[in-house]
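There is one chain below, alone, in structure tokens, taken in the form predicted alone.
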Amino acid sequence: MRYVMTVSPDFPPGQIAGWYIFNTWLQRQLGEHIHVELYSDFEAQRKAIREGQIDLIYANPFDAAMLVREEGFTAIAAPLSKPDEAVIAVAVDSPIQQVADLKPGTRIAATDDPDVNLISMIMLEPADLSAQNTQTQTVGTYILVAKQVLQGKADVGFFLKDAFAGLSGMIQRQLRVLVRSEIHVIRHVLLVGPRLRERHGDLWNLLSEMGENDKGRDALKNLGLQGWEMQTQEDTEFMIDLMDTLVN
């Protein structure tokens, strides 16, 4: 049988090759044919999920709720020591020095990354800002978020911390971090779909031991990961409940 793996569209572009290396390693270890299918945006990926086309996914925390509760996916692992954090940045010469300086009508540049946008909007609450009194421009990538800010088309930009760190040095030098989140427990998670569920135990064992051999360590390095922290369904449900609390 041919299976399909995908990755949340918010991963840094520099890690594309890393996911193909990981997939090659995984196919050899499992003895299964797994195809990597990457999507340019969340809506296209969610459509493929709803149509039953995805068997293995490195999902953002927001989509994990839908995958587990509506599509029958189960958790395997989360990246070790790599929580999802958000960064709000302004142009380096912006007069805005702190969140309290922001006013109603603030122009926001963001991707359609749901957990980053949720966390970032929570960080704007001290300025009494919300979706109702701000203007959000949604663009396709974090590079375009930076471009909107640097061109003066947005006052602030919302970034996934890892994506911000992955921007070129030239772009980073033109931006200034206004605030960054420190939630620690919200993370991407690797989930397996119903068609691949019979290999759940094999996947668990392989990932838990991935750092114990040279090829596994090399694949992890290409993903920018130290290793995997194995996840029970209870671990994932806890994170989903936390996301629900933040939303409400």
Partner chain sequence: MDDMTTKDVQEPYTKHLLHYFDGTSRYVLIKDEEVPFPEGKLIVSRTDLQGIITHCNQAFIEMSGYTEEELIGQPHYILRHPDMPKVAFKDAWDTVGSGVKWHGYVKNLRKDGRYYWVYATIILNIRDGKPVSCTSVRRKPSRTQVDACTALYAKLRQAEEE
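Numbering follows the first chain given and starts at 1. Predicted, not measured: the structure shown is a model, and the values here were computed from it.
One more form of this protein should be noted, the form predicted in complex with its partner chain, which is absent from this view; the next part is about it.
Contact check for residue 238: a non-hydrogen atom falls within 4.5 Å of its partner chain in the model of the complex. The closest non-hydrogen atom of residue 180 lies within 4.5 Å of its partner chain in the model of the complex. When its partner chain is considered in the model of the complex, residue 93 lies well away from it, no heavy atom lying within 4.5 Å. Proximity of residue 126 to its partner chain in the model of the complex falls within the 4.5 Å heavy atom cutoff. For the three residues 4, 27 and 30, a heavy atom within 4.5 Å of its partner chain turns up in the model of the complex in no case. Of the listed positions (171, 139, 99, 80), a single one reaches within 4.5 angstroms of its partner chain by any non-hydrogen atom in the model of the complex, namely 99. Segments offered: 40 to 48, 218 to 226, 193 to 201, 180 to 188. Contacting its partner chain in the model of the complex at heavy atom distances within 4.5 Å is 180 to 188.
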